[in-house]
Ligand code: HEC
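Shown here is one chain on its own, the form predicted alone, set out as structure tokens.
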Amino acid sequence: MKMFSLFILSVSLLLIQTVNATDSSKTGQQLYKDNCASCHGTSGGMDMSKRVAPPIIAVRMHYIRTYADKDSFVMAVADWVEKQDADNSLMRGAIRRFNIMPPISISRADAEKIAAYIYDGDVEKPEGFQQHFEERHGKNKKY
């Protein structure tokens, strides 16, 4: 009986380690989909009355202007996810429109993976974003 209990304990620990390893190996894109896309995704297009947060492409645009290199961008976004502070926001208009982002429970490492994914720019644009951007910034500006 004692051997069987040790066996069950060993198998349980192995399964827990496997689950944790799987979670830590998730990509920034998958972590973004799991933790961010429901608010910052493409749902609602550019109709702000149908959105609960700014589209992530707009977040990227605002942050990359101030934090042009990847390391500083990743740190700044991960810092924001860790502690939202309206006084340090680069998107005061978004806070006025949507309120401040509520805290989310993810690790610093996962927040950095998400930020790196956003920095790399392979994020979806909501329908109407291009027109919205050009109306506000001109056709020759890059986001």
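Everything numeric in this text was worked out from a predicted model, so none of it was measured. Throughout, we count residues from 1 along the sequence that is shown.
As for the form predicted together with the named molecule, it is not shown, yet the points below apply to it.
Visitor: Could you tell me which one of A116, V81, M61, M46 places a heavy atom within 4.5 Å of the named molecule in the predicted complex?
Guide: By the 4.5 Å criterion, the partner-contacting residue is V81.
Visitor: Does any heavy atom of V74 come within 4.5 Å of a heavy atom of the named molecule in the predicted complex?
Guide: No.
Visitor: Indicate whether S89 is a 4.5 Å heavy atom neighbour of the named molecule in the predicted complex.
Guide: Contact with the named molecule, yes.
Visitor: Are any of the heavy atoms in I106 no more than 4.5 Å from a heavy atom of the named molecule in the predicted complex?
Guide: I106: yes, in contact with the named molecule in the predicted complex.
Visitor: Do G28 and the named molecule come within 4.5 Å of each other in the predicted complex, heavy atoms counted?
Guide: The answer is no: G28 has no heavy atom within 4.5 Å of the named molecule.
Visitor: Heavy atom within 4.5 Å of the named molecule in the predicted complex: which residues of 93 to 112 qualify?
Guide: Contacts from 93 to 112: A94, I95, F98, N99, I100, M101, P102, I104, I106.
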